[in-house]
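Only one chain is shown below, in structure tokens, and it's the form predicted alone.
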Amino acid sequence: MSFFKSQKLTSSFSIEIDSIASDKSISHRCAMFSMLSDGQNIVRNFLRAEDTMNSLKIIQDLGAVVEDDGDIIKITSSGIKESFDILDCGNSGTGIRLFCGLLASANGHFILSGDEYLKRRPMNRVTKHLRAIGAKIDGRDDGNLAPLSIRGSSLKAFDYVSPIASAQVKSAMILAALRSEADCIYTEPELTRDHTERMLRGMGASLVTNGLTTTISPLKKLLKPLDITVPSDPSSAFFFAVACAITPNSKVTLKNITLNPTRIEAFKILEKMGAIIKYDLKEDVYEPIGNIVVEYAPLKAVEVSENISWLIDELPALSIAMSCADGVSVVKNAHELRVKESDRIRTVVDNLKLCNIEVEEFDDGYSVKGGELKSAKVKSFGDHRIAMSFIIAGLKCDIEVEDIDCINTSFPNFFELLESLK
């Protein structure tokens, strides 16, 4: 099993980083949405990580022609075709759940699967809602666990009020709605990431959002192809924002980040804790893109109980900032953390305890009393966000993190950038 021992920083740093990993959520969608287009899609700065490259391989298995010169990826589709092979989503919950929506109304039979960790993650949060509108999806545990078998079928129009705030559920339902028999309505309890709506509108789909409700019209023709430069991932950038926030007299400029409000909430929380943060918008086509500048300042405790769906990937790293803050921080209403790559409530709590931090676990979150991180040996539990969060914690003390291969699923150059802090 692979491991990494993070070493304590002995000095401050002031750097610019312009090579943060490309956005994973947008990269997945570039691959999938190209299957709905007419013509050649041009994608620059596609994330070349395991999860997203799996999505690219899947669309090839589904009939897309992919040309990759190492810089620009060109994708041409002539419709979704049956594959002889199992469609391997690797470790990606986003991949498997969105492909469920994309393939639910496609003509053919498809098998979606993944690695040992993905096969243990719940899928009925998507599959049960798709089946309610006519999708034919089956799998282990009554369709709750992969491998999933999908037999494309005609889908009914729906007016659906989601009980959970999940961009994955919303995106799967929107993709299914694009080939339904009539207009569909989707309402969420709080605003979640809106990359799907933004990108599909940019391609010519009819999606009208009013508050928390989106009305989706079936496609009358294929969409315009994408011509997009994928911005850098704020969830990945946030690890280095936290590194700066816990290292006195440090400063970092994170370049070419998506500034989508649903993606930078963790920076807003860090700002509320005391860090000095500035946002510099550079462009706004498919997504608002710009730079984020973070400067160290002493951190104070914070309560996090709102917009949890905007923080679901960053809360493990945010918990490291909380462990270095003055006072007791509290995370509430975050039950969704339990169904990510790991049970992130349990893994955060267990690992912080090993680092000598006072933590209390709740059903829907946890509390963290700021203190002094101590050297420890922790596990990633196969979760890339947990692995990277505790490697960043190791900048305050020596921490060994087991099972770090999972970092390749989202941030292949993480260690290269980590080295630049020294």
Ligand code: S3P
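All residue numbers refer to positions in the sequence shown, first residue = 1. As the structure is a computational prediction, the values presented were derived from the model and not from experiment.
From this point on, the text means the form predicted together with the named molecule, which you will not see here.
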Interface check vs the named molecule in the predicted bound form: of A167, L318, I292, C89, the one with a heavy atom inside 4.5 Å is A167
Answer with one of S250, N260, S162, T94: the residue that has a non-hydrogen atom within 4.5 Å of the named molecule in the predicted bound form.
T94
Classify I264 as contacting or not contacting the named molecule in the predicted bound form by the rule of any non-hydrogen atom within 4.5 angstroms, answering yes or no.
no
I'd like to check something about R125: if you look in the predicted bound form, is any of its heavy atoms closer than or equal to 4.5 Å to a heavy atom of the named molecule?
yes
Classify S25 as contacting or not contacting the named molecule in the predicted bound form by the rule of any non-hydrogen atom within 4.5 angstroms, answering yes or no.
yes
Proximity of E287 to the named molecule in the predicted bound form, heavy atoms at 4.5 Å:
no
Interface segment, criterion being heavy atoms within 4.5 Å of the named molecule in the predicted bound form, picked from 147-155, 307-315, 105-113, 127-135:
307-315
Is it true that K374, K379 and D398 each have at least one non-hydrogen atom within 4.5 Å of the named molecule in the predicted bound form?
no
Contacts with the named molecule in the predicted bound form - residues in 179-195 whose heavy atoms fall within 4.5 Å:
R193
